[in-house]
Structures are given as C-alpha cells and as structure tokens.
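The structure tokens that follow cover one protein chain in two forms, given apart as structure 1 and structure 2.
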Structure 1
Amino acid sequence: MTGLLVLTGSILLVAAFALIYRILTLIEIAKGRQDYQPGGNSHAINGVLFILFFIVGFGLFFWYSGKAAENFLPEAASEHGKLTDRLFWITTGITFVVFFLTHALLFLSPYFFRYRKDRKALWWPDNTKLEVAWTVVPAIVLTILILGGWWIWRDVTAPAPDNSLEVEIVGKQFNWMVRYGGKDGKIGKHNFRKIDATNQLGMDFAADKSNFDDFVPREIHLPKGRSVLLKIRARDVLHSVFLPHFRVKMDAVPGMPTSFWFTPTKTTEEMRRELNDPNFNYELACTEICGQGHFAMRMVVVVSEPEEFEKWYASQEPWAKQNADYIASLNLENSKELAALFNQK
C-alpha cells in the first residue's frame, strides 16, 4: 500500500514538473523570445535576491551569534587555553572582516552590474599594483597569525615541567582508564602482553616494582594550579583524549605513547559557581572514531584545591592491594613482601 502511494506520488510529482516546464517554455515563446537570450528578463530579480540574501544572511548571523554566544568555546580552565582562545578570537575577528567585505562586494556587484542591453562591461584584464597589494597584505596578516600560533604551540608542546603530576590515560573500546603513580609518584611500566580481564592496564609487576603502589580510580582527579602531564596510550584502536574545558586534545595510539601537559586553573566548584550550574562536571571525551561506542566514552574530571587533592590522593588504595589474589597468582619473588611494603600507610 505504501509502495503504491509512493509510486503514485512520484508520478504526479514528475507530471507536475513536466507541466510547469512546458508552461514556462510556452510563455517564453509567446513573449516572442524565439531567439534565446541568456538570463532572459530575470536580471533584476536575481540581483535583488543577492542583496536580500546578503542582508538577511548577515542579520541572521549576528542575531544567532549573540544568542548562541554563551555556548561558544566553553569557559577555558587551563593556562594555555586562555591563550589559544585569544588567538582563536583574533583570527575570527580578522577573518570576519575579510568575510564581510568580500561578501559585500560579491553580493552587491550582481545587482549594480546586472545585465543591461545598452551597457558595456569595463575592459579591465589586470592591474599589477592591485594584484601585488592583495597578495602581499594577506601574506603579512597570515604571517602575524602564524607567529602568534607558533609562539603558543611552542610552549604548549614543550616538555612538561619537572614537578608535574603524571597521570596515565588509556583508551580502549569503549571506555577510558586512568592510573596514578601512587606514593612514589612513578607510573609503573606496562606490557600489552600482560593485559587480561583483571589487569586491564597490563601493569608489568615483574618488570617494575613501582607498579605496586599505583592506583586506578574511576574518575580523574587533578589539583588546581599544578602542571599535569597526561601520558596517553591506547589498547586496541586509535582514540583521542579530548578535555574541552582545558583545550586539550591528543590522540591515543596503540604502540606509540603520546602525551600532553597543561595546568588547570579552576576547580570544579569554582566552575559550578561561575556557570551557575550545580551539576557541572569537567569531562573527558573521545574524538577519534573508534567504533560503536565512540560517542559514549565519557569520564568525569574533578579539579580541586591542592590540599583537597592531596587528601584524595593519599586515600586511594593501590590496585595491587585491591587485587592481592592476582598478585599472588603471579608467583613473583618476594611479591608478598613487596606488596606489603607498598601497601602500608
């Protein structure tokens, strides 16, 4: 039944089109336009439509930009984020001027220079001065923007400060895992062959004893005002660490550890107050297509005052302690003593 309806509808649509087409052609012939005139008598209307498009288009642009401004670039909460945001807005400002002026020319010209029989177009094949000018000026402006970007990029990608807090982030289908270095602050070595259903991160206890005090919380906790070095890796396919509020993005690549460091500048509480949203949370998302659950790889990030963070850090139980059976099953030399050593408060 539906098929029949669709079929009849389509036939009617095509018939209607054919009728319109026929009428339009006949009108042209009736008007005595046996000889084809490109554009016919539609010059004025098309010219006016371009002007209308220009006015309404930019009207809508300004109106909606004002309305949507609150969602633009979520409030930056990292030191470099302020700088990249500023560069983004400078770039946007400059390009907007170009965007506006070129469109003014592009959409007003059609109306003012529309076809009239008695007019002749200007013979103007080139103008060297003008061409040099509009090659050199964009080149200079772009150079300035590049230098601005380079200056920030150089700092962002410089090696992390020595006293940075190291946090390991591991992507897998389809969730993130996070690991801290524990008491010694050192994140233990891993080996992908050691991964199993329990030891999801592949911590290599035999090769590196500093694994014993590492802990694996469910959320990422970060202190405000201290540089954080994210050590990023992936277990199966590409993922990408995206922390929108911190302006952090870096791919997680199987077999090739990557990293990104930044300094949070606002605690979760401060952001909640600032945004007047008691449910606000910093979030970690995935931005490299990784399969079915790509859109659901969420992890909450909590930024707190340094003292509060230290308290939380100290209260975390090492993974090895939580999984004593697993450690025992490894039959490591002195494993019990080692575990005990690292587990004591």
Structure 2
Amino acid sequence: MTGLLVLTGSILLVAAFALIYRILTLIEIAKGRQDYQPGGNSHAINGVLFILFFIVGFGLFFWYSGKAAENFLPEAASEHGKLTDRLFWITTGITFVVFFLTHALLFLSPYFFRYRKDRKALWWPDNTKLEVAWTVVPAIVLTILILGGWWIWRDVTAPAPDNSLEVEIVGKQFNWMVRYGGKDGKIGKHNFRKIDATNQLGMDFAADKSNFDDFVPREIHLPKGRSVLLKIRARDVLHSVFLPHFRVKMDAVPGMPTSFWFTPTKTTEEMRRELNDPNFNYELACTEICGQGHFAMRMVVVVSEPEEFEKWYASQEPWAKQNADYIASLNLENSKELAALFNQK
C-alpha cells in the first residue's frame, strides 16, 4: 500500500511541475516577448537527454551481451555446426551495425536538428535516389544472407553418405529410446501395432529379420569423423531432438518419420579438455514442452575415437537375445535362425 501511495504521489508531483511549466510558457506568450523561443531551452535539454539515453542504453546493451556470452555454447563439435555458427555471426554482425547506425540517427537527430530561431526547416517531400538506395541495398544484403543459409541448409538436408552410421531415436513420454542396427548395420522395420510393454519400439520380427541383431543401449555412442544418420520418430506426442553441441535440431513427429545427418568432430574427452570440465557430457535434450515429465527427456551422448567406438559396438548384446522368452512367445517361423544367432560368440 505504501508503495502505491509513493508512486501516485510521484506521478502527481511530475504532473504539477508540467502544469506549472505550461502556465509560465503561456504567460511569456501573452506578454509578447520578442526574444521568446518556443519551448525555451527544452529543445536543447531534450536533445542532450536523448544522447545520454543512447549512450546509457548501448552501454547496458554491451554489458549484458558480455554477461550473456558466458552462457554461450562452445565451438560446434560437428562439421555443419561450424558453418551454421559462421552464418549466425555474420548475420548478427550485419544486423548489429544496422541497428547501431539507425539508433544513432534516431537519438542524435533531436539534438542536432533541434529548433533554432535563426534556422528554418528544409521542405524535402521526397528523394527518389534515397528511396532506391534503402530499398536496393537491404535487398542485396538479405539476398546474400538467404543464399548463404540456403547453401548450408541444402548440404545439411541432402541424403546422408552411404557409409553413415544409422541410429534410430524414438521419443515418448517421458524418455528417449535409441536403437542401432547390430552386426548387419541395418535397423529393422517397426510397426506401431507391435508396441507393447516389452517391445516398446514396436520392432516387427516377423516382417524383418534385421531386427534380430538390433540392440538398444542406454546411452548414445557416436564415432568421431564418421557421418551419423539419425532416424527420428515419436510414439505419442510431438518431441524435438536437440543436440546443442552438434547444432542438431529436428522434430520427432508422431506418424511422420524425420531424419538428420551430421559428422561429429570432437570426442567427449577432447571437449572436456577444451572446456576444462572433467564432468562434461554431450546430451540429447527435447525442445518441445511434451508434458509434466518433460524434464526427464535427456540422454547422455558419448563421442569416441573410431577404434574405441567399434569395440563398444561389438560388445553390445542384441535386444532379441536379452528378451529371448519374449521372442519365443511370438512363435516365429525363423526361430531356428534366431537360435543360431544367439549361439554365435
């Protein structure tokens, strides 16, 4: 209540001063003083205040930008990420220069073009050259930026290289599930009708034998220097695959599989040394508010050297072998082939 009274009193005080100033101005006009200047010294005062506001405003802008930079992501850990970062900073630099110049004109003009008794305003209704300049120049700059962005986007969305590692990522409330193709490197077909409490990915063992050697780890492991194709889908609602350090983001849409490929360039250990943070981990996050358990949509991503990755890959046990009783309950025609797979060393 006290704060409201103070605020009301301050507003009334300012209004009273404004009213008194207006009355004194009208008295000067009524007296017909020849040296009267409309507005008195208010033009110069307001002009100076505009300049001060410009200096303070941009001072705070630079200060806040410096503080915010502490929370910026480190250098991209993927090949396309470096290109998108470069495009981002080029765009930011150009827009900042334009932002600064336009606001400099906006806040300095009230002072330099303030009212003076010995100066008359210039009547300048139009200027064709100026109109053409501020239409053509932005159009050229924007065209260059758009073409640069399109060039990068074309490469990112192009078909993945033939030797890419395929990784299936499935979002559901509220966690990510990941599947690899096993020894044959092929991820088996899925069918949403096959989803149950055990087979949460809906792997269709009857339709595709490639499912037999697929494995489902609790972490995402990726090799450095090899292209990775993410096959993305969602089981229930809209999710969004976000790998911030690789500059990867793609929505997981129910009923509409999506994909994204990229090439990691830094291992987890290299990034830890670069950031001087022994506890650092890459992560897969979700940038869609997919429900009350959204906070749980996180999975650790490990990037290692190719040799280390191959050892990890070879050590993984197929999901079908881990759930042999479930497979047996399906009464599949190729059960002998599956048994032979389980007996392999």
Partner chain sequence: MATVNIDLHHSVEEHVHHHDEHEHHHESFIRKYIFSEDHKVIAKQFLFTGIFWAIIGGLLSIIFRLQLGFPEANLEFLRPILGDWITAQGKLDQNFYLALVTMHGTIMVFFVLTAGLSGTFSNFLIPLQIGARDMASGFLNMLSYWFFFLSSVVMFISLFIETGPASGGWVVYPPLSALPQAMPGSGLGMTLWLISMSLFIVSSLLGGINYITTVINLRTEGMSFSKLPLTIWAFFLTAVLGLLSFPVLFAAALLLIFDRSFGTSFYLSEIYINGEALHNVGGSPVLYQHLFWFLGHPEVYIVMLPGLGITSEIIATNSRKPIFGYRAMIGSLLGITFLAFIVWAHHMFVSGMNPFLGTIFMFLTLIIAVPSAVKVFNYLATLWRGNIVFTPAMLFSIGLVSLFITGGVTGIALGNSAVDIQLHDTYYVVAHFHLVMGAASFFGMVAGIYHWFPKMFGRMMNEKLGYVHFWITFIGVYMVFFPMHYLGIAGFPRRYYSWTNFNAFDSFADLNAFISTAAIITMAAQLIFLFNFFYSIFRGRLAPANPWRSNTLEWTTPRFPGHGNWPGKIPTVYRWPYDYSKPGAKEDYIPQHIPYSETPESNLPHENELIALEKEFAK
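Since the structure is predicted, the reported quantities are computational estimates derived from the model, not experimental observations. Take the two forms, find the largest set of C-alpha atoms that superpose within 1.5 Å, and that set is the rigid core. Here, a residue number simply tells you its place in the sequence of structure 1, counted from 1.
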Looking at both forms of the chain, which one is the form predicted alone? 2
Answer yes if the CA of Phe192 moves 2 Å or more between the two structures after aligning the rigid core, and no otherwise. no
Superposing on the rigid core, I want to see if Ala133 changes position between the two structures - specifically a Cα shift of 2 Å or more. no
Relative to the superposed rigid core, does Arg114 relocate between the two structures - that is, does its Cα move 2 Å or more? yes
Could you tell me how many Å the Cα atom of Ala15 shifts between the two structures when the rigid core is held superposed? 15.8
Per-residue Cα shift, Phe50, between the two structures [Å; core superposed]: 3.2
